[in-house]
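The data below hold one chain only, encoded as structure tokens and taken in the form predicted alone.
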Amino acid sequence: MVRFLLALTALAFTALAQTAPYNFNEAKIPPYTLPDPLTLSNGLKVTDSKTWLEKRRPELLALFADQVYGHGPAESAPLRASEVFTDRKALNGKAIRKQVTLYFTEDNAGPQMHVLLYLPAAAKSPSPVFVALSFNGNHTVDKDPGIAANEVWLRDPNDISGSPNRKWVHLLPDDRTRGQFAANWQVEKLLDRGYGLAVVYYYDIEPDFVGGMQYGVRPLLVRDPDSWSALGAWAWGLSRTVDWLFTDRAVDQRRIALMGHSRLGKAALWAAAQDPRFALVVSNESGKGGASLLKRGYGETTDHLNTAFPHWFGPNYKQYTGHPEKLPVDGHELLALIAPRPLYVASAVDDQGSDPKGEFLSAVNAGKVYQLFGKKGLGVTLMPLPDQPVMHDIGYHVRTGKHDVTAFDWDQYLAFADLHWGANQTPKPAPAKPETRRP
């Protein structure tokens, strides 16, 4: 039963998309106009990177905070870290495994998150690291028996009402789920390529259900928790993970990549938009409210997002239910906030709810901001065939298959990281930690 419920939680997006009244007909897409990322609020055009960085980028950050993700804390709270539990011979000597608990309050019984970090044992210098949030607990990432099992939140199996408001319960870890989602993570492949992996169970930051806020960080950090959002909180947790990684000399601070899938791809993009320490960013099928274009009128809708997941977004996002055309920003501008850092956007053919073409067009339209920095952007305007990746300063592929993270996806992300961080590349100095979490 626990295994089934965990899988159901991870696949909730796909199941809902199959039943929701979405438009999947290109001929029925209404006319739409995308906001121009290079037009200031006063109507003046942005023609250089300095104006983008000093004027337009802060405007867009403020718009996304005001209208989409809500406002987080003005300053990042100090974290306390537990003892770091290290095994230098994990995975048959291939990895150094580190585990730490980060506390959000002075009370060890309060909200906390558990970080699992793998580093390649053979590394002779600090390693680049991919950071990501896990849907189902750190112990599901690999069969490694040394991973501390996460306590997890699940729908109460004793509540058989069928109501969407069924109760949730906090359960002790079930070791039968160890390594259950290892195929999504490809841990040994990353290690073999010289990359580390840092993972956090996203429910540690805020449980992903209506009412989950009371168990997470929002009430601790902002005066009005409803003015923020679950996506904003998850993004905040990703930045706190980097805070801890920056204390580890075995981690290359200049080469920290961020990967997010589905709703956690939305959180990853928002985290990277606010935090320049994420030096390379991957959006894996983040869909509407993430990389895709809401105004395109294809796939998931604001109606569904605000009805099925009202806790994901900030309070002002509710006014766009049924009216995405009124939203002052869209996915291409969220992607543009990553510029000039390397950015990869991925879609899947059978994930029509996320609107693969909308994700592609978003990447294309973000390219004009990359060009301000002398970058090429995506470099193409025609959507590539399935399983034919394109990689420049922005990368993209649409993979055959469903809403998922696969070995093929990781192959492209590692190739993209190699392209920008390979042996012949000299990483720039690590960017400074943002002074504020509030745009």
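If you're wondering where the values come from, they're calculated on a predicted model, not measured in any experiment. Residues carry their position along the shown sequence, with the first being 1.
Same protein, other form: the form predicted in complex with alpha-D-glucopyranuronic acid (GCU), not shown, and the subject of what follows.
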(request) Determine which one of 256-264, 339-347, 314-322, 113-121 lies within 4.5 Å of alpha-D-glucopyranuronic acid (GCU) in the model of the complex, judging by heavy atom distances; exactly one does. (result) 256-264
(message) For alpha-D-glucopyranuronic acid (GCU), considered in the model of the complex: do all three of Ser127, Phe278 and His420 come within 4.5 Å of it, counting heavy atoms only?
(response) no
(request) Although alpha-D-glucopyranuronic acid (GCU) is absent from this view, report whether Leu221 comes within 4.5 Å of it in the model of the complex, heavy atoms only. (result) no
(request) Answer with yes or no whether Phe104 is in contact with alpha-D-glucopyranuronic acid (GCU) in the model of the complex, where contact means some heavy atom within 4.5 Å. (result) no
(request) Would you please decide whether Phe135 lies within 4.5 angstroms of alpha-D-glucopyranuronic acid (GCU) in the model of the complex, comparing each non-hydrogen atom pair? (result) yes
(message) When the contact criterion is heavy atoms within 4.5 Å, does His403 count as touching alpha-D-glucopyranuronic acid (GCU) in the model of the complex?
(response) yes
(message) Give me the residue from Thr241, Ser229, Ser286, Thr140 that has a heavy atom within 4.5 Å of alpha-D-glucopyranuronic acid (GCU) in the model of the complex.
(response) Ser286
(message) Within 4.5 Å, heavy atoms only, which of Asp144, Asp174, Glu300, Asp330 is in contact with alpha-D-glucopyranuronic acid (GCU) in the model of the complex?
(response) Glu300
(request) Select from 300-318 the residues with a non-hydrogen atom within 4.5 Å of alpha-D-glucopyranuronic acid (GCU) in the model of the complex and write them out in sequence order. (result) Glu300, His304, Leu305, Phe309, Trp312
